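Listed next as structure tokens is one chain, alone, in the form predicted on its own.
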């Protein structure tokens, strides 16, 4: 992550905090970042300086309009117009971290083969909190390559409870 990405994330957090919706904005930015990670076409279009900034902003507004808070849409649109869309994933990740730190918590990015229900996410958050000794916010990324189980990343720590990992352990045992 670049210093500029951190500066943008700080500015995004300050705006969202001032409007009283940092939780929602950071959550929506996380989802925007996942969408960018999952779509090469979208990522390339928003980063393409051959596409006029106004057109890239219109794409953002078309995608997020009515689906996200006005604050989130405006922030993403501003980042795209500034030519920083290639940093948007890092900016979103840092904004999520800032939001968690503001509340004295950590963030666990959890990869799962399927979406988790609210109850499952709460139980996982409680289990990760107990394992790490501090409160953890869970951000779920659906990743079919996991096969089953979950892989949680909290800072530099990886807790691999995936079926693939367990099968690998069994294979190594025999």
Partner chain sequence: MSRRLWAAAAVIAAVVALSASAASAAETVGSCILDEIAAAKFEGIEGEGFTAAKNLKTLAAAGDEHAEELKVALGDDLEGCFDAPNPIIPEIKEIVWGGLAFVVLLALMYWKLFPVVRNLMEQRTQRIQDAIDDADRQRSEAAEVKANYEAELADAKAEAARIVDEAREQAGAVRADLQARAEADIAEMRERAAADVEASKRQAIADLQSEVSDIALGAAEAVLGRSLEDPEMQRQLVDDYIASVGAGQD
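C-alpha atoms forming the largest set that superposes within 1.5 Å between two forms make up the rigid core. Quick caveat, the model's predicted, so the values are computed rather than measured. Residue numbers count along the first chain shown, from 1.
In what follows, reference is made to the form predicted together with its partner chain, a form of this protein that is not presented.
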49, 55 and 98 each touching its partner chain in the model of the complex (heavy atom, 4.5 Å): no
Answer option from 107, 128, 140, 64, heavy atom within 4.5 Å of its partner chain in the model of the complex: 128
Listed range touching its partner chain, judged in the model of the complex by heavy atoms within 4.5 Å, from 27-35, 56-64, 40-48, 118-126: 118-126
4.5 Å heavy atom contact, residue 167 to its partner chain in the model of the complex: yes
Contact label in the model of the complex: residue 152 to its partner chain, heavy atom within 4.5 Å: yes
Any non-hydrogen atom of residue 114 within 4.5 angstroms of its partner chain in the model of the complex: yes
is_contact(residue 159, its partner chain) in the model of the complex, heavy atom dist at most 4.5 Å: yes
Residue shift check between this form and the one not shown, rigid core fit, residue 164 Cα at least 2 Å: yes
